[in-house]
Structures are given as structure tokens and as C-alpha cells.
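A single chain comes next, written as C-alpha cells; it is the form predicted on its own.
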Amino acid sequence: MKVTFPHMGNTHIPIKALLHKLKLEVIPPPPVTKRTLELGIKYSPEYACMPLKINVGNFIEAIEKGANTVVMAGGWGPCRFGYYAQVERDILHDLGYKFDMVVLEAPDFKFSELFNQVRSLAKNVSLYEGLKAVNFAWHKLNAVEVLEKKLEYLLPRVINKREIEKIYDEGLITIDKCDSKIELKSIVNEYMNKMEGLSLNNAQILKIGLIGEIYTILEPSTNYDIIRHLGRLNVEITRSIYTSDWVNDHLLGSKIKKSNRKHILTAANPYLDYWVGGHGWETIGFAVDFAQRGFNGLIQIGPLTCMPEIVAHQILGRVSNEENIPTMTLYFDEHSGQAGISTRIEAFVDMLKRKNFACTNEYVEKGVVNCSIT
């Protein structure tokens, strides 16, 4: 059995570790490239959202490298993600590709069910070995996110932005190769120290909350690497979704680490008090939370035609007005252009800088007391 899976940001690192520890031969999908998307566009329905098209391209490229088993997540509710696995399987079978697809359903708070599904892939692995594999993958996931969050914080603050990105990329590669928890801790400390050792600038730092659909937030190829782009503009990004939080909240019953999910949904209630599929409810909750924490602005991102994010988008205008926080929404598909997206992002950041500057003591002393821009 040669196993592959979808590419989504840096999640390939812990997923590959998990499957290796389950004694499976793993063929990770190559990083998402122009060819990946072109393959997905060519063979997927035109109206399908961008993540499905990328998944199709992922699987074709992995099968070309020898994969014969595709592991795909299942889903439920209004979001079309619940149909991805079946649609992708039928597309690839119609193209003549021979493979097996294993769909892992992720029932809330029932980790035992998901664990049994994962373990069924590796029939020669004991229960103890399976638990060790999950534990190691969890530690790898957290190691990756420590570096991700450190980059989000430091990239806008360091002078040499290319250097910190280089250190970060090297850190991810080293974490990916690591095979023990002891070594993993040492690697994280090493690269954290390297990142923290860089000289800082004196630039004005804006804080923007990045909210929206999970795949578009986590996979840089779908959003033109928006986090790094904003970091280079001296903007600190905080995401509404980190993979470890999703795993903790939806698979582990919030038992591994403290969860803020209840707080986020409570924050959303004055504007949206029910689940609309995907991450639409959380998008509104985090928008309110970020506003109340004093963020300078919000950027909502998602694939074009994403219903949950369209619902959230209709409500964000009210959130912006009542919570006094500027918002911008960006939808992505294969027709999106780097130049157009960059122009919109830079214009939004420029507006936030002017708003922030207008609220300084200098302007207040001049009589400019109403400094709100929505």
C-alpha cells in the first residue's frame, strides 16, 4: 500500500509522520504548483470550488509518483466538502486511474472512531504503536505551529525579512525529517532562537485578523501567500484557524489543551447564533473577538462560491459598523490574479495606517477626534 493525501499548508508534515509511524509507505503530494491547479481545473467541474480542484491535481501528481491509496477526509452539513471525496474519486476513476480511496469521517468528540479508522489502514500495528504514532504526529503538528506563529509575529518586526523566511523554511524541513520527540524539542528551540536573534525595526506595526475558510487560510498557494505578503508590509497576522485547535476542538473533545471555541461562538451570537456550515459561524465570532481585542482590521478569505463564507460576508458589514473595525473580503479561484490581489491588500493596509495615524495624539491635539474608518 502506497498512501497519499491532500496537500494543505504544513499539515503534510504531521500527517506524513503519522502514516510513517503506522508503518505505511507514504507518497506525499508534491507542493501545490501551477501544474497542480491546471490539472484540477482541466478535470473538475467548472463550478467546483478551488480546494476541490487542487485536491484533484494533488492526487493525480501523487498517483503519477506511484501512490495507489488515497486517504481523504469526509464531512457533513451544508458545506460541499462532504461530497469532495466521492466527486474526486469518480473524476479520477473516469480518467482511468486505478487506486483505492479511504474516507476518514471525523465525528465531533469521538476520537476513538477516527483512531480506529486510521489504525485500520495499518493492520500490522498494535494499539500501543497506533497511540504512539498519533502522539508523535500531535507533537510534530505543534512544533510546526510554534514556528508558524513566531513567523507571523516577527516577520513584520525584523529588518531582514528574507532571512527570517529562510530560517523558517529550513526549520520546517528539519522538523519534517525529525524522528523523535526529544530531537523535535531541540529543533524547535534552535530555530526559535535563530528567529528571535534577528535585528528588529522601528516600523509601525498593524495587527490584522485573518478569518475565513480553513483550506484557504492554511494553504498559501490558494491565497498568494497572504500571511507573508502582509508580514513584509509590517502587518502582524493572527489566524482564526490553526490545525491543532481544530483537531483539539473537533476530534479530542477540547481535552488536550484549553479551547476558546465556546467563547468564539458566544461572541458571534449577537450577529449569528447558529451553524451555517464550514467555518462561517467561527468567522463571525473571531471577527467580533479580534475587534474587541483591539485589532486594526480584518481580512476574510475563502474560495469563490463558498456558501458558509458568503453568509458570513453578508454579516461582516454589520460587525464592522458596530464593532468599529475595517474589514475586507477576498475570494479566490483560478481566475484570481496576483497583481490585483496585491493591489487590494496594499490599499487596505495603507487605509489602516492612515486611520491609525489619524488616531495618534498629534491628530487628537489638532482636533481630529473622530478617527473611525469602516
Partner chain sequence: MAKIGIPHSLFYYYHYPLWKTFFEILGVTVITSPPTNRLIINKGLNLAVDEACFPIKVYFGHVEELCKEDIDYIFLPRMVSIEKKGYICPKFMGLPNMIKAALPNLPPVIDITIDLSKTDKKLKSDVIKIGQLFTDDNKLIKRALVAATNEFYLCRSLTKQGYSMSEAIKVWAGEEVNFSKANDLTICLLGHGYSLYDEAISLNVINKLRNLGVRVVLPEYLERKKVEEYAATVPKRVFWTLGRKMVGSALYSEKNPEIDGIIYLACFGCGPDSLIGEIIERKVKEKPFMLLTIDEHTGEGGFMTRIEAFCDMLKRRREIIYEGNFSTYG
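What you see is a predicted model, and the numbers here were worked out from it, not measured in a lab. Positions refer to the first chain, counted from 1.
Another form exists, predicted in complex with the partner chain; not displayed. Remarks below refer to it.
- In the predicted bound form, the partner chain sits within 4.5 Å of a heavy atom belonging to residue 308.
- With a 4.5 Å cutoff on heavy atoms, residue 82 counts as touching the partner chain in the predicted bound form.
- Not displayed here, the partner chain is approached by residue 86 to within 4.5 Å at the level of heavy atoms in the predicted bound form.
- The partner chain is not shown here, but in the predicted bound form it comes within 4.5 Å of a heavy atom of residue 318.
- 45 is the sole member of 45, 340, 31, 66 with a non-hydrogen atom lying within 4.5 angstroms of the partner chain in the predicted bound form.
- Heavy atoms within 4.5 Å of the partner chain in the predicted bound form belong, among the stretches 210 to 218, 169 to 177, 238 to 246, 299 to 307, to residues of 299 to 307.
- Contacts of stretch 64 to 81 with the partner chain in the predicted bound form, defined by any heavy atom lying within 4.5 Å, are made by 75, 76, 77, 78, 79, 80, listed in sequence order.
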